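This document starts with one chain, in the form predicted on its own, laid out as structure tokens.
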Amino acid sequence: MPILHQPVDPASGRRRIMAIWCAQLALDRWRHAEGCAPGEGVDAAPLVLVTETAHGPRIDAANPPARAVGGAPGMMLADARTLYPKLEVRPSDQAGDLAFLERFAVWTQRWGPWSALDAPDGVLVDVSAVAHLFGGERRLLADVHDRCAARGLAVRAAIAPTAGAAWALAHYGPPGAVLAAGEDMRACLSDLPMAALRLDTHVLLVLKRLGLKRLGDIADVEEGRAGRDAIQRRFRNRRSPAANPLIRLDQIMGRVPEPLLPVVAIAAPLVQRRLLEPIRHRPLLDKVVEDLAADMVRELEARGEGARRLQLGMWRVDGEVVLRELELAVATRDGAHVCRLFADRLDDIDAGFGIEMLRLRASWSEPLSLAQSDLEAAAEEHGTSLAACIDRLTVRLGREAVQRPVLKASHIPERAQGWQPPLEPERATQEVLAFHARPLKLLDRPERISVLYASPDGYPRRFSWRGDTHDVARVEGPERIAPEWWREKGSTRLRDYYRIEDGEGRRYWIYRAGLAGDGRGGMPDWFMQGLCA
């Protein structure tokens, strides 16, 4: 993907960039999912969106009622609940926000030839030489506001000669700000706060301690050669633009280029059939699906790709649309295989007065090189194709029913393994963790047990689990496992694991959480983790 520098308007000789800031992107997406308008329904009560962190839930977004009672983004949820205990909480969806922003960036290309992401909640659009198509830049901004409001998005937009200036005006300038070509950029931006330079928080703190609070302050200091050299010496080791105010100031003034990475829309493979006569019977429907699958295979071959997810849409005469989705274990261009999988999904189709159009779309495709078809065909005929077998099991049993265990980089037993789709590649790890012997069966989660011991840090003598009492005949251990300090709170206690055997020869894997007097709680607790062979 090419990296573009900010373009130049050939008519005026000036570049024009429009910044669109979705000020409440996470909340707008949550309201859309809940089907409520701002300030209505669930949104009428104080509500925050939170993300789990190592130190507890942190607030990502707060609606106006929550802000009124003291909640704010960046605050810990525990602190916010001390101000308002009845605060409603919903999980944040940062990955979903970013995926939406990518689609939004493609949608904004209606106002310019290309756009770029300004994560996490903004988009930059090139509007050089296009404003006259909308009646001027003011009307262009009004059109942006109206269309985004129709989609339920609260946005602020601004146009300026550079991306940095447009971003600063969209976030901290007046609504609908336009910095015209030829205007004194320094004078127009001098009253904006220092945060308009898009600097890291600790850099802003340093500048605040130096008494530089507005763009005009740092512009006045760096105007003289001695002042610029002083700032340069203070941040000489900062190479990142977000950590060096001089680089950001030069970018916002247009003295140095700021590369932007444009978003390029990639059309998903799609084939469709409009029928002369509506169809109502299953054999005809199967025939049309077979034709669509053949068309899709040719479309994918032309791209050198294979389908991982397919969506079949059926338009009925009465206007209803019936959708069926299929997700495959590996990328494929096998039309017969796709038809067999869809056959199990079409049994409950109600054609009504008939289906007049069908559309097959590969919403997820991957590069797929040519393979030796004779070997694949032989494997398919003999029923030994693993991918085909997994696809059939997934269609019949459900997506969650067919998975395989994988190792994960953790020495905590319940985190050392997980589940994933059968043919997904395993995540790369730096090193394979070598463990001691583990029991044949691990419980889904450790279960608390009652233990009788001679001393708090000694061997267990008797324990009670699930209503039965067991006398300990043999003990092996302990194996000490420390907490994951990078993931857990500092108060998390270490574990001492014991392999024990009761009087009837049954073997267990138990652990003691913490030590007596470790300062991280009261007396240690005991848990049952697994069963040994």
Partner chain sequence: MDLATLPKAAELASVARNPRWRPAAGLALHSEIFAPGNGASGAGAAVALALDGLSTCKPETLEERSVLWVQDARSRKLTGRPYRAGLPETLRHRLIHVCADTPEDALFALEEGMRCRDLAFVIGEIAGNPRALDFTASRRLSLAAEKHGVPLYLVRLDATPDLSSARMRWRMRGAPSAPPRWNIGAPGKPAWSAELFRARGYAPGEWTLREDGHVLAAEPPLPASRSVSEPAPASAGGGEGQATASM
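Positions refer to the first chain, counted from 1. This structure is a prediction, so every number in the text was calculated from the model and none was measured. Basically, rigid core = biggest C-alpha set you can superpose within 1.5 Å across the two forms.
The same protein also exists as the form predicted together with its partner chain; that form is not shown, yet it is the one meant from here on.
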Any idea which of 39-47, 24-32, 55-63, 500-508 reaches within 4.5 Å of its partner chain in the model of the complex, heavy atoms considered?
-> 500-508
Consider the chain as shown here, without its partner, and state which of G112, P413, P446, P241 has a heavy atom within 4.5 Å of its partner chain in the model of the complex.
-> P413
With its partner chain left out of view, choose which of Q232, Q417, S363, S190 has a non-hydrogen atom within 4.5 angstroms of it in the model of the complex.
-> Q417
Would you check, heavy atoms only and a 4.5 Å threshold, whether S92 touches its partner chain in the model of the complex?
-> no
Taking the shortest heavy atom distance, is K441 within 4.5 Å of its partner chain in the model of the complex?
-> yes
Is the gap between G335 and its partner chain in the model of the complex 4.5 Å or less for some heavy atom pair?
-> no
Does any heavy atom of D471 come within 4.5 Å of a heavy atom of its partner chain in the model of the complex?
-> no
If you look in the model of the complex, which residues in 512-533 sit within 4.5 Å of its partner chain (heavy atoms)?
-> L531, C532, A533
Answer yes if the CA of S92 moves 2 Å or more between this form and the one not shown after aligning the rigid core, and no otherwise.
-> no
Did T469 shift 2 Å or more between this form and the one not shown, C-alpha, core superposed = yes
With both forms fit on the core, has C22 moved 2 Å or more by CA between this form and the one not shown?
-> no
